[in-house]
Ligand code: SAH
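Before any questions on how it binds or moves, here is one chain, the form predicted on its own, in structure tokens.
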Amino acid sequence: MLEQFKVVLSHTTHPGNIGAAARAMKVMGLSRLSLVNPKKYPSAEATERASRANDILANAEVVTNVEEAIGDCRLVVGTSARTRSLPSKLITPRELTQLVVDNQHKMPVAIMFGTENSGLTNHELHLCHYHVYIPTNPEYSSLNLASAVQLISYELSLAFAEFEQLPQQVIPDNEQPVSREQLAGTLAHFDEVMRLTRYLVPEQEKQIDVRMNRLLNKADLTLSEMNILRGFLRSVSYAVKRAQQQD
């Protein structure tokens, strides 16, 4: 089950932190690592800090944007110590493990970590279903990237050692949750139709985009529900174009 979790490190600046994160993952049984635009990688320092977790580095995927890293995931969780103007669903690492145990059909799962200095960007957090907050000393809240990976990996490992003993849910294919890539396609379809109907005006584009993403994230769409929405959008598009031709 732990192979269904993907650790995503976005714009990591220090290669040693990549190696240390890989080591933390392997100790706890996680193996999937995705690197989004690392500043320096491959790196001898990363290899050295990984110790005997070089296989995780060797198999790590390196991508140019976070959308590519999380495209196949059905549940996306961001980690950050900062609050944002648009509130996310805040959970602790332990609540995260319980959430995943209770929703075992939402696999694969991406756990995203931002750059060391500023964490995940607002754009990256808007792509997440949940926001994991690691409670720390308010007078000294700084937490090393690899330590954060270690802490969350530990909670997942602890929870799923027991989870392996439970019976697995069987979910029909059309009731599986949509992946991030499929959700992005649905959002793009909404954008296309909203422009066609002139609902979307330039001065509100960014605001609508953010809120539509949040709305559909909260909806936890299944494949069958997504197909209903996109079928409706196609019918709206067809009706508008037909009316335009008649004019």
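This structure is a prediction, so every number in the text was calculated from the model and none was measured. Numbers follow the displayed sequence, beginning with 1.
Below: the form predicted together with S-adenosyl-L-homocysteine (SAH), not depicted.
Stretch-level contact analysis of 98-106, 68-76, 136-144, 171-179 against S-adenosyl-L-homocysteine (SAH) in the predicted complex, using heavy atoms and a 4.5 Å limit, identifies 136-144.
The contact residue chosen from A110, L156, L127, A148 relative to S-adenosyl-L-homocysteine (SAH) in the predicted complex is A148, the criterion being a non-hydrogen atom within 4.5 angstroms. In the predicted complex, S-adenosyl-L-homocysteine (SAH) stays beyond 4.5 Å of every heavy atom belonging to N122. Taking non-hydrogen atoms only, T92 never approaches S-adenosyl-L-homocysteine (SAH) to within 4.5 angstroms in the predicted complex.
Within 4.5 angstroms of S-adenosyl-L-homocysteine (SAH) in the predicted complex, the stretch 94-132 places a non-hydrogen atom from each of M112, F113, G114, T115, E116, N117, S118, G119, L120, V132, taken in sequence order.
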